Ligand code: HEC
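Only one chain is given next, in structure tokens, and it is the form predicted on its own.
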Amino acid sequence: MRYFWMITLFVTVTVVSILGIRGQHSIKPPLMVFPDMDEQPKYKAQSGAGFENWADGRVARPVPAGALGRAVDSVQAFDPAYQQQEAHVTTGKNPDGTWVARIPIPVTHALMALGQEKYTINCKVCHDAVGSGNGITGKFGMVGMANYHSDRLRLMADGEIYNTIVHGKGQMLAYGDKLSVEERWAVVLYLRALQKARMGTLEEVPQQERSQLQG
């Protein structure tokens, strides 16, 4: 009989513990055995109470200059220089919806160097150093990386390549949140240089440079 009452008491306490307080309101936080960082000290948006680290007391801070947001162009939209750019520069499309045929910003050696840097960081792992699509990711099971020396991509408009960089395509993820407008066009420029290096002819090389190639 003693065991019966002990079991009954245990079951009653268990049921009440699980279901007895459901629906009741309390201002106290619940007891969490495994908190999993659900509750963290923080300041609420649009509040300023207790936030003395800034002179204006506001919790929400302005976006740091030069920062890139997670969403495509979300931070750049606050940049006056970005806002003054023509739409075809930021989208890669002309007003009539066609792709921009050629890079719409000044092409310089500095832009080429920037493109090489960003290509090496973001693109080389899949498309390899020369753009043939034989990057190291292929050794780990990834297939279908684009070969930029194919006729399709050599004839593709610069604006369409720019758009692919921004939004991604197929297995390729979007890089619009990682590269600024200038950096995206710089990558397009460097891709064109890789294509020219593969498909160009000796006659297209400046006269003063030909001797080095012929040698």
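Keep in mind that what you see is a predicted model, and the values were worked out from it rather than measured. From 1 onward, residues are counted along the sequence shown.
The discussion below concerns the form predicted in complex with heme C, not included here.
Heme C in the model of the complex is approached by Arg152, whose closest heavy atom lies within 4.5 angstroms of it. The shortest heavy atom separation between Ile161 and heme C in the model of the complex is within 4.5 Å. Contact check for Gly141: every heavy atom lies farther than 4.5 Å from heme C in the model of the complex.
Contact annotation: Asn94 falls outside 4.5 Å of heme C in the model of the complex, judged by heavy atom distances. The contact residue chosen from Ala113, Val130, Val125, Val107 relative to heme C in the model of the complex is Val125, the criterion being a non-hydrogen atom within 4.5 angstroms. In the model of the complex, heme C lies within 4.5 angstroms of at least one heavy atom of each of the following residues of 157-175: Ile161, Thr164, Ile165, Lys169, Gly170, Gln171, Met172, Tyr175, in sequence order.
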